[in-house]
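Next up: a single chain in structure tokens, the form predicted on its own.
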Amino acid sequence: MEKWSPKLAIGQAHSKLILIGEHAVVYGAPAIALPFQAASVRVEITPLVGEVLFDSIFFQGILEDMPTKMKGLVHCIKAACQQLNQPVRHFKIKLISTIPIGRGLGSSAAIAVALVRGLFRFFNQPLSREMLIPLVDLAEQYAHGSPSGIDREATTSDHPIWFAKDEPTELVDVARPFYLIVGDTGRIGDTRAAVGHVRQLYQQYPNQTKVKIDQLTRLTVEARQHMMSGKLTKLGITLNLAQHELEALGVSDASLDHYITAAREAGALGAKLTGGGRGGCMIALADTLELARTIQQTLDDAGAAQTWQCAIKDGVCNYESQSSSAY
């Protein structure tokens, strides 16, 4: 028997930032990720007789006509309905997202999380984490091939996390508040291609590539220690060293390097890319609000497509401001 609500059902999720450990995390190494509430997804599901309609800036139409790049969401929706024992009919999905696509901010995972949450609320059914995870992973497999799972974990957590594949996710303690400034290059990154490039390096130059991955692992461990002890200057140095390894792996590019350099020259304690690289976003570390504002303005002046500023206080990432040139 169909159980669908006559009212609006809402599902929401925030984006994420990888502080350190991207690419190494693919090989089982740890990474640190942060919730990023400044960019988020809202899904509104309402009753509609007939086929499922999807309404977003990316696509408008019936579910079966969604473009190939969005097929992961189709499979996610169908799998959720199957788990709910409901037909894939009689509702409309409206997707509203402020997460720029392809910037390494976890947009595909956040959309999937919001969709599943919205569907379970629409059909008045409780949603456990054990139910949510495989459904989000299904969408992520279509988006990224073989995702590590860090995007799914970070978009469903309200605290900084320590993530390693196939290991329990842990919360990261933050002894001293700090600020992150996020700069968007305006260019869509290609996580799948970047991950594939590192895999190719591993095949061609296994010893040299392993040294770089091991170094990123060591730096990630040090970063957690610096966060827990409040040593922000050392944390910044660690982020800079991680960027050096990512550049050596060939996943940075000229646009990222441009904004990273600008942030460092403006006084950032450290700066690096975040996510897959080859476009997308970079992050910069500051220990005061005044410095954070200076760095954000510098990135705006340097031509960033958009910038955000957030504070990590008491283990929570609090949205502070966004540039006027926002997407």
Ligand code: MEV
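Keep in mind it's a predicted model, so treat the numbers as computed, not measured. Counting begins at 1, following the sequence as shown.
There is also a form predicted together with the named molecule; it is not shown, and the following applies to it.
Of the stretches 22-30, 35-43, 255-263, 65-73, only 22-30 has residues with a heavy atom within 4.5 Å of the named molecule in the predicted complex.
Contact annotation for Gly270: none of its heavy atoms lies within 4.5 Å of the named molecule in the predicted complex. When the named molecule is considered in the predicted complex, Asp151 lines it closely, a heavy atom lying within 4.5 Å. Although the partner is absent here, Gly280 sits far enough away that none of its heavy atoms falls within 4.5 Å of the named molecule in the predicted complex. Proximity of Ile18 to the named molecule in the predicted complex: non-hydrogen atoms within 4.5 Å are present. Among Gln243, Thr209, Thr156, Thr191, the residue placing a heavy atom within 4.5 Å of the named molecule in the predicted complex is Thr191. Of the candidates Gly236, Pro147, Pro160, Pro100, Pro147 is the one whose heavy atoms come within 4.5 Å of the named molecule in the predicted complex; the others do not. Along 106-139, no residue reaches a heavy atom to within 4.5 Å of the named molecule in the predicted complex.
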